[in-house]
Every structure is written in structure tokens, then in C-alpha cells.
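We begin with a single chain expressed as C-alpha cells, specifically the form predicted alone.
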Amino acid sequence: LKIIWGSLPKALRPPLWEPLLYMDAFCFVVCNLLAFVFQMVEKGTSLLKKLEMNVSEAEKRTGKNSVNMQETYTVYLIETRSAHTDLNTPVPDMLWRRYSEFELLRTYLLVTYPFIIIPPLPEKRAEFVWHKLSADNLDPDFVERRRVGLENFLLRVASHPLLSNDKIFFLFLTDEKGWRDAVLETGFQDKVDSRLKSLSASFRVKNPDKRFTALKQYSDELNTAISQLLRIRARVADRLYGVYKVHGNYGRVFSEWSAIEKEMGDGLQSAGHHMDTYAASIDDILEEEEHYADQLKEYLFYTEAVRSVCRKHELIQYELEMAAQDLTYKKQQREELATGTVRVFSLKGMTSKLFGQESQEQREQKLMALEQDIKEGEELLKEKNQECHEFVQSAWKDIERFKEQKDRDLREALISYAIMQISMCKKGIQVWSNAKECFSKM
């Protein structure tokens, strides 16, 4: 009580010898203050602190689509469980979602949070594949990689300080039947800016923000770099697969040769087995490589999410410039009307010369209308300035968060890939060392 008393402004401090008289009031203030603090902490807590989630399996189903035609599709099982036993809202253990529902969720997030770099979904069709991988979106290996990607998407959203607290996202995880109606009721589809509108704004902005321009350029260059890396990796995988499988011919030849040798037969046969093992190992190696390729693909798709934020800023900047330009024009009209002079050639000036000047009453009426328009224009300009300022502030905060995440994830992925390559080379050395031992014993 003494600590609380000392922390109050002097004007609000009761006499120290009267603390018991103010006990109820102090307790009320302190309890409300603590409740407010806990509420703020709770709002900043990501959903991962409350729920554990994973996409545990995929299942192929057949049914009729929106045009009443039979189709085959894949659904994914989302499992959620409380991270704490005292969670207030009961949630079901599991529910099924189609890929299109994940797309709807992400579109909703893009529209609702235009200043956030929304995590991307895994590819809908396989890209940067090498010859042994199927490009069929129903292929079991592809479906499994997509399952991992969808789980990663959910974890990205659930760990985001703002997205994780979105009500629609929580319903996506917990309400299988009512979620679609809830997301459509938000009206987010009415707020979607057309690509053409955003594209035209980028060419017409007069004073683009240099930070967003640089970010957009970096995003394009990162997209190019990762694309080239994935293409090179696919070509290397093709050749590596061939090289390893050709080693199986060593095994066949050594085995056939061992049949005609007496003293050398056992050594040749053993060496052949080592070659067969070496040739078969490439399947597991390249399967593991796909995991690292998918990590790179995630950031390839992230570049489009970054560009989306930049396009939205360009659109807001364009609307701000248009509001300022319109206000300037109206003020010029007011000055011309008040002084009776026309600064530049205009249809109004030509009309005045041909048909004479307007009456005083008409001029006053127009002045009153212009004053109202200018007042509304000033309010609009103020709103657009505020909107642009808040967007830049929020967007740049999320961009800094994304940069840290990107640097950490790509560094870890590249290091892990290098370690895997070293391990692969060591296994090759071990195979040939074993073969050497077999040859030495002949």
C-alpha cells in the first residue's frame, strides 16, 4: 500500500496515516489496472500459446462440384488441442478442409490486413520439378509435401502477433460448418482492390516512397535469385539421380564377374552389394532435398506477398495525391471566382468572354458551394494523410519482423542443405572405402 501511495502524484496522495480509509478505493484502482495490463498482454499473445495445431493427414475424396460435375479432390485433417487445460472456449479435436478453403482464408487476410506480409500457401501445381517427380496435384508425394506446407502456413499465421488473434482464423480452425458463412458475412470481397486499379496507380504516383520502391525492387530480385536456384537444383537432381542409378551397373557387373572367379568371387560379390546400396540411396537423398526446396519455394511465394503490400501503399499514395490535387484545383477556382480573373486558358474563360460575366448572386452561390467543397476536400486530405501515415507505420513494423524471419529461415535452410550435401558425399566415400576393403581381401 505504501508503494502504491508513493507512486501516486502528490495532488492525489491521501495522508499516509489514513491508508485504511482509502483501502477499498486503492484496491479497486489496482485491480482494474492489473486487469487492463493482463488484457493487453493477452491481446499480444499469439494463438500458438493457447492452441497446438497440425495438419495430420490428407485424404482423397470424390464428389460433385458447384456445376454438379463429378470431381476428385483432396481434403486435409486439421487437429487442434488446447495448450492449457483451462482454455475457456471448447474446440473440436479435428476437422477437414479443402485447399480452396485455405485460399479463401488467405484472401480474407490479404484484404483485411493489407499492411501485413501474409504467409503464402504451398504451390497448387508442382513447380521446378525434376523428371522423377510427378506434376500431378493428386500424386501422393506431392499431396504429402502440400500437407506439410499447409501446416506451416497455419503455424505462420498462428505465431503472428496480429493475425493470430483474428476471429475468422480461429473459426477456420474450430468451426467446420459455419466458418464459410462467417467469412463471407465480413463483406471482405467488396473491399478487394482490382489488380488493374493497383497496377495503374503504380504508374501514376508522382512521389513514391523510396523505401517501398526499394523494397519492391528487392522483392523482384529475390524472386529471380530463388527461381534460378530452384532451376539449378532441379537440373542437378536430374543428373545426380542418373549418376547414382548408373552405379547400380557396377553392382550388376561385379556380381556377374564374381560367378566366374574363385579366389576373387567373394570380394567382388561384396563390392557389388555396396554399389547396389549406393545406387538405391539416391531416392531418400532427393526426397530429403525436396524438403529444402520447399523451404526456398515458400520465400519465392513470399516475394509476391511483399509486392502486394507495396502495391497497396502505391494505391493509398495515389489516392492521397489525387485528394491534394483536387483540393488545390478547388482553391484556385475559388480565387478566380472571387477576383474575376482566370489564370489559364479554360472553357470557363471562353464562356465568360462569349456570353458575359456571371451575376453577383450567381457568383456568391458558387463561392458558397466551393467553400463547402474545399472544407470537405480538406477533411478528405486529412483522412488520406492519416491513412497513409498509419499504413506506412504498421507496414514497416511488419516488414522489419519479416526481414528478421527471412534472414533466420533462409540461413538455417541453406546451412542444413550444405550439411546434407556433406553427409551425402561422406556416404559416397564410405561406400568406396568399403569397396576398397573388399578388393583388398581378394
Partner chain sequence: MAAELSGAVLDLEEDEDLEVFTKKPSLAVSGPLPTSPSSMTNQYHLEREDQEESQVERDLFISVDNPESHVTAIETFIMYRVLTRTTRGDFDSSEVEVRRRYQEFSWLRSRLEESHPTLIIPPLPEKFVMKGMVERFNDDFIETRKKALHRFLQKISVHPVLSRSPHLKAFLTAQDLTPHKKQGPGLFSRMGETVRSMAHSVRGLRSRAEEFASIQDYVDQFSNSISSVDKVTQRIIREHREYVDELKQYGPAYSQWAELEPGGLSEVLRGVSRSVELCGQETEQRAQELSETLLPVLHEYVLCSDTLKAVLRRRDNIQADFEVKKDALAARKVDPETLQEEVDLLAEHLEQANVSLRGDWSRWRSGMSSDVRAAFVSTAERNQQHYEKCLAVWESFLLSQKMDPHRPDLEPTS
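It should be emphasised that the depicted structure is a prediction, and the values quoted were computed from it without experimental measurement. Positions refer to the first chain, counted from 1.
The next section is about a form of this same protein that is not shown, the form predicted together with its partner chain.
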Site test, 149, 318 and 322 vs its partner chain in the model of the complex, non-hydrogen atom cutoff 4.5 Å: no
In the model of the complex, the one of 155, 229, 168, 370 near its partner chain [non-hydrogen atom within 4.5 angstroms]: 229
Partner-contacting position among 284, 261, 181, 364 - heavy atom within 4.5 Å of its partner chain in the model of the complex: 261
Distance check, residue 383 to its partner chain in the model of the complex, heavy atom within 4.5 Å: no
Contact of residue 337 with its partner chain in the model of the complex (heavy atom, 4.5 Å): no
Interface membership of residue 327, its partner chain in the model of the complex, 4.5 Å heavy atom rule: no
Distance check, residue 225 to its partner chain in the model of the complex, heavy atom within 4.5 Å: yes
Option from 111 to 119, 75 to 83, 93 to 101, 262 to 270 whose residues, in the model of the complex, bring a heavy atom within 4.5 Å of its partner chain: 262 to 270
Heavy atom within 4.5 Å of its partner chain in the model of the complex - qualifying residues of 236 to 262: 236, 239, 240, 242, 243, 244, 246, 247, 249, 250, 253, 254, 256, 257, 260, 261, 262
